[in-house]
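Here we start with a single chain on its own, the form predicted alone, put down as structure tokens.
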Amino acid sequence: MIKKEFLLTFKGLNSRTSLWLMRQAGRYLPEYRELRVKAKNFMDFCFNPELAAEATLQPIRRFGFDAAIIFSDILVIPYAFGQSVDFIEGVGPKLSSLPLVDILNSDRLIFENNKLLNVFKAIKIVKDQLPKEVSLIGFSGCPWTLACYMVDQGSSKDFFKTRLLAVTRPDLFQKLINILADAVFLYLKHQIEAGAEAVQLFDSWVGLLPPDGVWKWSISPVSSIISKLKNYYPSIPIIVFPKGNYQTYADNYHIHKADAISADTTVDFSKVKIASERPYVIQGNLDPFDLLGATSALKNKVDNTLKTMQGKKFIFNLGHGILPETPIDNVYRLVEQVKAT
């Protein structure tokens, strides 16, 4: 029987620590840079099934990670709602203006799932070519984070417009969150139908919210998404990455019931509950900058993490995406060290 260490982790049956890295398909790989120029822009790259599949497979061929994550972007969902999405070098994503208040008032915010068919095609291509021992992860942004980009029309330090709308028009903002939650559920459902064996929800900006906002705009809609997915696919692992708010999600596992919580670099693993005291898997949380430093320091950091998190309920990962400047040799060393445990 072929062993999938990543999936076995969720059952407590893995024989070693499993690992994959967020943003493991990316600019630090020369083969990715060669592939990227074949598309005129980043969104075209994401929506080309063959290119997206190849980008997904590249780090698996090179490093032998235990899981691949489909190459795409969380902003494909705003695109499916009718916003244009452009990635500007040195600036980040820029989204076109949508009169969201008027659209929400008139119930005209429509999710066009057919715009995302090429994502599902890419998943099918990857699933056919992926080594049998490697798992395939699908993903989406969470409603709060997607709303931030849609309302503020791109990236921001504080997402002022989004937070203002949530405070001044909570009725309309709740409507937006509900619509996005339904869209995320449908999007992930189709990814699973296409072949994804696990899914991850990214709430990249939940750290901006006050405690009551975390409940209302993050945990509540995420819980709804997870519950609906579990009704259809009870055995599919669901990971949530609440960047900047791990502890709130950990304390409220009984509400959202994600199978794993991914921790960012600020989480002190020495203070988390040991494996026998928590029902969920912890994923994380090496600082991506540690992969840029001296190899001896990297080895010590990885050793410390593995010793602290020894047990069966842990997936080794980064606390955020791998950096473009990352030396490839350091990634080889990381993989070898983790797989030796």
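Only a predicted model underlies this, so the values are computations on that prediction, with no experimental measurement involved. All residue numbers refer to positions in the sequence shown, first residue = 1.
One more form of this protein should be noted, the form predicted together with coproporphyrinogen I, which is absent from this view; the next part is about it.
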None of S204, T162, N245, Q191 but one has a heavy atom within 4.5 Å of coproporphyrinogen I in the predicted bound form; the exception is S204
The one option of R27, R278, K312, R62 with any heavy atom within 4.5 Å of coproporphyrinogen I in the predicted bound form is R27
For coproporphyrinogen I in the predicted bound form, the stretch among 125 to 133, 213 to 221, 70 to 78, 231 to 239 with residues bearing a heavy atom within 4.5 Å is 70 to 78
Contact test in the predicted bound form: V331 vs coproporphyrinogen I, heavy atoms, 4.5 Å:
no
Review point. Closest heavy atom of F42 to coproporphyrinogen I in the predicted bound form, within 4.5 Å or not?
Key: yes
Coproporphyrinogen I contact at R16 in the predicted bound form, heavy atom, 4.5 Å: no
Inset, instruction - Check whether S155 has any heavy atom within 4.5 Å of a heavy atom of coproporphyrinogen I in the predicted bound form, and answer yes or no. - result: yes
Contact check, 177 to 192 vs coproporphyrinogen I in the predicted bound form, heavy atom within 4.5 Å, ordered by sequence, gives none
